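Next up is one chain by itself, shown in structure tokens, the form predicted on its own.
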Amino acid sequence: MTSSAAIPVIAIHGGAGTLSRNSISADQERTYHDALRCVLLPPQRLLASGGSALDAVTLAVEMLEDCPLFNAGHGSVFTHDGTHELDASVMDGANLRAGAVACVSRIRRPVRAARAVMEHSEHVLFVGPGAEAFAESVGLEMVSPGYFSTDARREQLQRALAASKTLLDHDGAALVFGNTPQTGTPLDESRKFGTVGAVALDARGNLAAATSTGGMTNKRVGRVGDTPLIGAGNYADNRTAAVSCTGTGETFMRAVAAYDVCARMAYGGQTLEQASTEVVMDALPALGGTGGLIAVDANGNVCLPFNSEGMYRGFARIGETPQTAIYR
């Protein structure tokens, strides 16, 4: 059960990756910290006013989807065929309801579509044209696929095609920028996983999680990773924790990573820190998995582990100054 003294909290991530601290200026690094803080403040205010965890994580991920610094929504990467395929999921820990969409290219904010699936259908996961038709039927904002494109992402694809590589999430930016002071990114984009996500605990003791991604540069059309799969990249249960993952999607799917954190707590009696750390530092590496996760438990504890050199992350309790970080 949730402690009545638990302070509502929101935590977010913008992807994990390896260290390239020497490749950027202090101003460029500050840009990412500022972006993370800007995303944390509105859901922090929402929770402070008595808003729900579900509304808080939806709002946070919408803002991350709208920020081209991260590989979700506007600024998503390209598939091998020069298209976009976006995925997202949402889960309500109060009742274990969940919704998700995969391989969509016309829904402006996929996280809203995922929530609509949860709230306005009897299903959990819609894909492709069916997901888009559903989103349109419930009045969500639709855009042309070009809305998600940026010149930098298109150049990533061209470099990846020339190198005949499939690049996890938005790793391909390294083929455009390299490790130069002009990258504007504090993580080495050649080893970066471009999922975004949020987890929250509200004043009523309810937990929620939301995750969204633009996929992987030069991926085969139709490939789906862990982000829209409940239990793999996203999970929430009031009895244990809310979890959002970022990393090598196929490994997180095989490990059922998000659910594994909650299962270790429910059946093994582990704390949030013990469960999250063992999944990220032991279970995933045993399968060759790289990345991290963010999690909050029913008592308001927050854990943000990763086995790469860095992860864009932050959290904000109501009444406290938001905390953001990139490196260890």
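Residue numbers run from 1 along the displayed sequence. Everything quoted here is computed from the prediction, not taken from an experiment.
Separately, the form predicted together with another copy of the chain exists; it is not shown, and the next lines address it.
Peer 1: Have a look at Ile107, Ala116, Leu157, Leu229 for me and say which one sits with a heavy atom within 4.5 Å of another copy of the chain in the predicted bound form.
Peer 2: The residue in contact is Leu229.
Peer 1: Could you tell me which one of Met253, Leu140, Leu161, Ala203 places a heavy atom within 4.5 Å of another copy of the chain in the predicted bound form?
Peer 2: Looking at the other structure, the residue within range turns out to be Met253.
Peer 1: Does at least one non-hydrogen atom of Arg97 fall within 4.5 angstroms of another copy of the chain in the predicted bound form?
Peer 2: Yes, Arg97 lies within 4.5 Å of another copy of the chain in the predicted bound form.
Peer 1: Can any non-hydrogen atom of Tyr235 be found within 4.5 angstroms of another copy of the chain in the predicted bound form?
Peer 2: Although another copy of the chain is absent here, Tyr235 would touch it in the predicted bound form, with heavy atoms inside 4.5 Å.
Peer 1: Hey, in the predicted bound form, is Tyr259 touching another copy of the chain, heavy atoms inside 4.5 Å?
Peer 2: Although another copy of the chain is absent here, Tyr259 would touch it in the predicted bound form, with heavy atoms inside 4.5 Å.
Peer 1: Val224: heavy atom within 4.5 Å of another copy of the chain in the predicted bound form?
Peer 2: Contact with another copy of the chain, yes.
Peer 1: Which of these stretches, 42-50, 260-268, 64-72, 26-34, has heavy atoms within 4.5 Å of another copy of the chain in the predicted bound form?
Peer 2: The contacting stretch is 260-268.
Peer 1: With the partner left out here, which residues of 110-135 have a non-hydrogen atom within 4.5 Å of another copy of the chain in the predicted bound form?
Peer 2: Those in contact are Glu122, His123, Val124, Leu125, Phe126, Val127, Gly130, Phe134.
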